[in-house]
Ligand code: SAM
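Single chain ahead, by itself, as structure tokens, in the form predicted alone.
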Amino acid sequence: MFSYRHAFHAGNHADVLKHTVLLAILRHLLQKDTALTVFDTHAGAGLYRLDGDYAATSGEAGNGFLRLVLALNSPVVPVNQARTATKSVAIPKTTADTVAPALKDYLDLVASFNNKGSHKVYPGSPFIIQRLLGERDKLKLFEIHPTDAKTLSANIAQLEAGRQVAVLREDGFEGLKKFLPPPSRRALVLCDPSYEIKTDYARVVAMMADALTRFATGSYAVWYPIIPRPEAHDLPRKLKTLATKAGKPWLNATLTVKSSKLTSDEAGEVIRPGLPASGMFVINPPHTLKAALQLALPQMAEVLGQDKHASFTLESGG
């Protein structure tokens, strides 16, 4: 149950999508003076080192955030900076001068956690959210993994944010219930479990159904993997049905960076592709989100794409 560690995946292409969308949502919601409460149901450790043992072992940031940074500073981008310097692909269109505003905002925010020219620190959702909050806003972080919960508490303590940020060592799927609706009647819920346990898919749907019953006007953002599994395929469809039945607008953005098919090496050993794609499903999205992603998603697919299957989708309804 506790084998998943996001430190292995910090800064990967899924984080680029998730955090760009998250940031775009927050920028809009925080324009109002009324206090906002943000909930992160699966907060992780909150802050990661891209030169640490976990991230260096997987090398996933090299095909995600780091690849994006290099694309904006060089016409040629290493396919996997952490593993090879020989394979490269030309990036003909997206440059520092043409990068979409939402994507630039994301890159600038991550850069703010590092010294100039350095890209060693990668902020997880808790630190991205906290960096934007005003004095009256609140952040509640759920993390049940014992090691990550301890690390998260230590990382948050360094912020000296006082009562603004609460770390709750409990199951976010269940823990969210007691906080909805929030006193200010304004909230954003980010739900991004590992989906390592197959039942997570059903629990996401159940949590969203309950949340919409308790607090129909909240904004809800769900990250999900796109993998060859029925539950993964059905999740966005079920969320779409939930939103439609509740009479709420929705937006679904996906990013595919490579084929999901298994391949073999010269010795005939099966090579698993890793995570090929992911999506963000948002219920009650800001009206500005779709336009922002219409500019950002094509650039993500262009820069982060690893083969001819790289693509994106953006649909909305309600």
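Sequential numbering from 1, following the sequence displayed. Since the structure is predicted, the reported quantities are computational estimates derived from the model, not experimental observations.
One more form of this protein exists, namely the form predicted together with the named molecule; it is left out here, but the text below deals with it.
- Among 278, 37, 252, 41, the residue placing a heavy atom within 4.5 Å of the named molecule in the model of the complex is 41.
- Interface residue among 194, 94, 155, 130, judged by heavy atoms within 4.5 Å of the named molecule in the model of the complex: 194.
- Interface membership of residue 99, defined by any non-hydrogen atom within 4.5 Å of the named molecule in the model of the complex, is ruled out.
- Residue contact with the named molecule in the model of the complex: residue 125 places a heavy atom within 4.5 Å of it.
- Remark: residue 145 counts among the residues lining the named molecule in the model of the complex, judged by a heavy atom distance of 4.5 Å or less.
- Among heavy atoms of residue 179, none comes within 4.5 Å of the named molecule in the model of the complex.
- Considering the named molecule in the model of the complex, the lone stretch of 155 to 163, 213 to 221, 107 to 115, 186 to 194 in range is 186 to 194 [heavy atom distance within 4.5 Å].
- Contacts to the named molecule in the model of the complex (heavy atom within 4.5 Å) from stretch 162 to 181: 170, 171, 172, 173.
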